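One chain comes next, on its own, written out as structure tokens in the form predicted alone.
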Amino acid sequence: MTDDRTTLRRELRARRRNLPAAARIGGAEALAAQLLALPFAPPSGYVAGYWAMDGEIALHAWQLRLPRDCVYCLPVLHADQRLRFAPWRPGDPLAANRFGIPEPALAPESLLEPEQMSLIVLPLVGFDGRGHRLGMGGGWYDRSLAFRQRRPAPPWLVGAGFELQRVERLDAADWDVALDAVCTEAGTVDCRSALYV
């Protein structure tokens, strides 16, 4: 692995894209079990996921198993360069954003602020055993969740990826928002204690 983040992103994105379909399907199922077993998994409230793109591990199995009092939300890009969130169920209308990622087709005034979420599951390109996250480089999640640098959960922040996206070490930048956990198909890194369970 390399320390250059651009090269590292390219290598890790190729790794996850090259996973066979059976590994993706099995990975999504196993990830759902890890997410549902989190000690802080909420029994109710707004929980946010993402629309899997570019080989990201899918969240559909988790979404379908959420407690009935949880409302699943997807991120929506906002003009202020921060994310908002919108409730979404399979079959609800979607529109592609400027990056081609599907978002719920709701009016801006209907969107929820990140602070209103109980739990946010974030996509990642890479992560390390301490739970540091390497994203796509646009800074959307870090800008949107910067308030978590000053205050504790909620929302709880959990990275989701395949185990093959783990690297030995990622150095955190000043603007990086710390995760509470990282879940993969193989286990969970509890970032509050840096334990792998």
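Numbers follow the displayed sequence, beginning with 1. Source: prediction; values computed, not measured.
The form predicted in complex with a small molecule is left out here; the points below concern that form.
Novice: Quick check on P75: any heavy atom within 4.5 Å of the small molecule in the predicted complex?
Specialist: Within the cut-off, so yes.
Novice: Although the small molecule is absent from this view, report whether A52 comes within 4.5 Å of it in the predicted complex, heavy atoms only.
Specialist: Heavy-atom contact with the small molecule at 4.5 Å: present for A52.
Novice: Using 4.5 Å between non-hydrogen atoms, is I101 touching the small molecule in the predicted complex?
Specialist: So I101 counts as contacting the small molecule.
Novice: Taking 4.5 angstroms as the cut-off for heavy atoms, does R24 touch the small molecule in the predicted complex?
Specialist: Contact check for R24: no, nothing within 4.5 Å of the small molecule in the predicted complex.
Novice: Just one of L170, M136, A41, A61 has a heavy atom within 4.5 angstroms of the small molecule in the predicted complex, so which one?
Specialist: If I apply the 4.5 Å criterion carefully, the residue I get is M136.
Novice: In the predicted complex, does each residue in the set Y46, R148 and D180 place a non-hydrogen atom within 4.5 angstroms of the small molecule?
Specialist: No, the candidate spot makes no contact with the small molecule.
Novice: So if I measure heavy atom distances to the small molecule in the predicted complex, which of the stretches 140 to 148, 158 to 166, 32 to 40, 63 to 71 falls within 4.5 Å?
Specialist: Only one stretch passes the 4.5 Å heavy-atom test: 140 to 148.
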